[in-house]
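One chain comes next, on its own, written out as structure tokens in the form predicted alone.
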Amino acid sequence: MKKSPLHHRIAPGTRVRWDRFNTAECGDVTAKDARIADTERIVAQLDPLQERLYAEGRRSLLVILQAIDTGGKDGVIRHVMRSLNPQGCVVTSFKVPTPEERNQDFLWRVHKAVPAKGMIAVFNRSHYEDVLVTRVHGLITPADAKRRMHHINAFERLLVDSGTTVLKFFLAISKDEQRRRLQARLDDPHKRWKFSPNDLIERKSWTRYAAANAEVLSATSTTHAPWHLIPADHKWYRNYVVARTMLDTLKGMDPKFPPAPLGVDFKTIRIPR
């Protein structure tokens, strides 16, 4: 029996225990080929649902991808989002804030990137950087982080109340798996462009990131915007769970094609030569 991706959803009020989370979970590892085939079928089903969402033009979907370095955000975008029509999907990568962005409140640059009606937006990193990286590096105090998480919950509530479904994925990998992926980047000439010496600096803060991740996921998994904590050591399983959850979400939204314009008799209209 296929295991539902919904068991990876963090129920509101849950205290996340990072030290007890199995990042290598994948169900039955012998089912790898079957899950890869399932993912292909699921990805193909996203396109017609996106078309209906775009045509309906009343609601939108925001997909948030968070992970530590090498966690697989780019891989999910490449493997799961590839069937989406670029006309109705926008991917935004949030990097170090620019001077202009630093002169605004921390959600300013994020609010500008949320999806318009009918659109799907994908965040490669997000506003959660401002309660994770900033906290780990001591740029904000614990009290600042608590206030920001309160603002984030309210911000996402605003989005949901405005017709945007918020789908949040945290892709969790082990420290050993990160080491393997970083080494693979060094060993492959075609992947070295992705390596940065800063990756090694950030890796030294692994324990602090684990604590911050657990705190943030516990405080910001809400009824209106719950987190999905995805075991991501196995890329094929990560892709399957994200794809399944996206498909289930879009099916649940059940977007409809709008009705034909009033007064138009399509049976009698003929296009002139």
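The first residue of the sequence shown is number 1, and the count goes up from there. Since this is a predicted model, take the numbers as computed values, not measurements.
If you look for the form predicted together with a small molecule, you will not find it shown, but the lines that follow are about it.
The small molecule in the predicted complex is approached by residue 94, whose closest heavy atom lies within 4.5 angstroms of it. At the 4.5 Å threshold, heavy atoms of residue 125 reach the small molecule in the predicted complex. Contact annotation for residue 141: none of its heavy atoms lies within 4.5 Å of the small molecule in the predicted complex.
Contact check for residue 129: a heavy atom falls within 4.5 Å of the small molecule in the predicted complex. From the list 150-158, 114-122, 133-141, 83-91, the contact stretch for the small molecule in the predicted complex under a 4.5 Å heavy atom rule is 133-141.
Put simply, of 198, 162, 104, 183 only one has a heavy atom within 4.5 Å of the small molecule in the predicted complex, and it is 198.
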